[in-house]
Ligand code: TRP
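Before any questions on binding or motion, here is one chain by itself as structure tokens, the form predicted on its own.
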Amino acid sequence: MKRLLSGITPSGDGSLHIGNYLGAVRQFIELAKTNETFLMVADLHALTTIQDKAMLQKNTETLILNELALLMGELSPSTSSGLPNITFFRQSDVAEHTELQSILNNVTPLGLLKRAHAYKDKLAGDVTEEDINVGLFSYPMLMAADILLYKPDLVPVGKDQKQHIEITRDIAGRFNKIYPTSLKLRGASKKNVFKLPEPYIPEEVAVVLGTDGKRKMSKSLGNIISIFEDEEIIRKQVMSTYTDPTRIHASDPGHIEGNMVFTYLDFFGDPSTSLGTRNAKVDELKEAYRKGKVGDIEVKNYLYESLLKYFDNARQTYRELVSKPEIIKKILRDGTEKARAVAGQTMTEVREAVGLVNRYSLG
């Protein structure tokens, strides 16, 4: 069993849609079945862009609720059984994240941070260097601390986040070189404090377009399909989905390629009608659509019904968690306790390595 670490920042409004599920959460669920997984809500990272108290609180609470409902809906037979193999916690509840960041500040070259995409992209926009807060500039160092504290074997990320893992490896390598340890912890000696993590970028990660068929699914663009909204809202989102603009009548032959309804059905078509790895009902609808024997409304209705069925367990779990917040608090309490234990052990090694431990140390 390998150890993995990942996190989601409570940006936007904190709610998750089917694009988030396909792009990230689905991978967490699969990986957690066979690996030890540390999964954090990265609320400290949100401070780089959210500087409104009420908004940050609401976003974080919403993300925790959404994420737990999805995870538990697929991994736990009941909400009382917790999350097997997953340590779920809030970044801000583990003080070692910012302590390690402060220490890494002193081994990280300025030029390395200036090459970070987040900083360069911001600078390329309508802002000057004076308008960029230090939190965004030092974002890669906090991310490095997030990762290195737990000594994971793999860090699941999208392709656009690969650079952060490369920066983390550079920082860890510099630390290990500057502080060649002679630690005597548990009888071990002459070992590196930090393990160099590997990025885990599965090729099958789905990056799907939004309902407009043009841009990546995003709440700010209004081209999403929600998971936990009221059924009527989800129905409206599905009915607004881009299909085939060249098709005037339901009897006209239609195109499947670029038709977002069928793109989503490939992932969410009712699993009870699947044949092997393919969905027999979806295949039938595709063939009928190509021949002009089925209309857009019918295939959209099938998508709507399939989505409700696919996320039925998660939606039920969501409602239970809303009514029983003590379940969420227990999961966070247990996760924080384990995260602190692992992070605390790493920081003991770090403090010893850099010389912060001496004869007058209190701990």
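What you see is a predicted model, and the numbers here were worked out from it, not measured in a lab. The first residue of the sequence shown is number 1, and the count goes up from there.
The same protein also exists as the form predicted in complex with the named molecule; that form is not shown, yet it is the one meant from here on.
Only one listed stretch (138-146, 124-132, 170-178, 101-109) carries heavy atoms within 4.5 Å of the named molecule in the predicted bound form, and that stretch is 138-146. Screening L265, L71, V155, I86 for any heavy atom within 4.5 Å of the named molecule in the predicted bound form leaves a single hit, V155. Between the options S226, Q161, T243, S76, the residue in contact with the named molecule in the predicted bound form by a heavy atom within 4.5 angstroms is Q161. In the predicted bound form, the named molecule sits within 4.5 Å of a heavy atom of A42. With contact defined as any non-hydrogen atom lying within 4.5 angstroms of the named molecule in the predicted bound form, the contacting residues in 1-35 are L5, S6, G7, I8, T9, given in sequence order.
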